[in-house]
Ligand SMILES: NC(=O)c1ccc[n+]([C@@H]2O[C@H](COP(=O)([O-])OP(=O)(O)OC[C@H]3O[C@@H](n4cnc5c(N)ncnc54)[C@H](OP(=O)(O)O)[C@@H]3O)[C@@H](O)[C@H]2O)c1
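The chain that follows stands alone, in the form predicted alone, written as structure tokens.
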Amino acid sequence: MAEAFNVVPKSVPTFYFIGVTTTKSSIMQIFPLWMEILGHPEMVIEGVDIRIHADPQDYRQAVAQIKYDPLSQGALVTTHKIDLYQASQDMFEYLDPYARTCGELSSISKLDGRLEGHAKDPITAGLSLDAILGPGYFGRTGGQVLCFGAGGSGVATALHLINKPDPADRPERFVFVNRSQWRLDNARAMVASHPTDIAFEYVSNQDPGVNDRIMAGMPPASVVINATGMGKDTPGSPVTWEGLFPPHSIAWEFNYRGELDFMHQALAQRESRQVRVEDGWVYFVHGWTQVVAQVLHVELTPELFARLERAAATMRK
């Protein structure tokens, strides 16, 4: 029996943002500016809010809207990257190697009548991390990586580091901490499919106090990442206010909006522990520009990225 989808015919070219709280994102104000720059002022953006770990049919419906409606151009996917991939991969005529390797989708686009899925996070996380660290960071400092969250963004960051050709750009150790075991299993499978000299560890835990102890055991200059969605999509932080960041560490909050508890915890130790704090704005801009370029099939040159970045900055909340 064929699946029944509720496909709504659009009257104008439409780009979708598949997330959890899409109306709160700065992209809703930035997108029209970008479309003017890119020569597509007629294109609109529409948010699709889906609850976290929703029924697979919800993800298939979102994909079907793009696949079967001629004016539905494509989408950026956030939060649901792994769940959407698992629920709808059979609906795509093409999945890029990163999507298959990471088991996730962040970009949905069309080309010559076929539906295409891409995982852009290994690119966007890599561009953002490189901008934060600079060359040779781990060789220079001896820092390691602690990543709270083993979803799409965390796995993509690990893949980016695995692929770094210079040993000085790779940490000696990378620790994943996640509340659900299946995401850790997914991360472990990705790592196992690539030769690497990075020692990976996988910790299943949902107690912030335990996370505090793990963080305290990291060496100085380590990179501590909040890739959980906590502080934006769900309340709280993976660590407590008593948790100590490693001295001279970098705290990278993947989010740029929301309560951002993790970021504020790190900011409270900026002087006492010499913690450098980075939010998710650069990641946000890289992530969106990569997907928009994919959907519109335009070349994202450094000059064009700079124009889009400047336009985005005028609308930052």
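A residue's number is simply how far along the shown sequence it sits, counting from 1. Small disclaimer: the values here were computed from a predicted structure and weren't measured.
FYI, the form predicted together with the ligand isn't displayed, but the following is about it.
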property	result
Residue (of M215, L159, L129, M230) lying close to the ligand in the predicted bound form, criterion heavy atoms within 4.5 Å	M230
Sole residue of S193, N163, Q86, S180 within 4.5 Å of the ligand in the predicted bound form, by heavy atom	S180
Contact segment among 42-50, 29-37, 248-256, 261-269, judged by heavy atoms lying within 4.5 Å of the ligand in the predicted bound form	248-256
Residue contact check: G154 to the ligand in the predicted bound form, 4.5 Å heavy atom	yes
Distance check, G149 to the ligand in the predicted bound form, heavy atom within 4.5 Å	yes
4.5 Å heavy atom contact, T240 to the ligand in the predicted bound form	no
Proximity of H118 to the ligand in the predicted bound form, heavy atoms at 4.5 Å	no
Complete contact of K81, G280 and F284 with the ligand in the predicted bound form (any heavy atom, 4.5 Å)	yes
Heavy atom contacts to the ligand in the predicted bound form at 4.5 Å, residues of 195-227 in sequence order	N205, Q206, A227
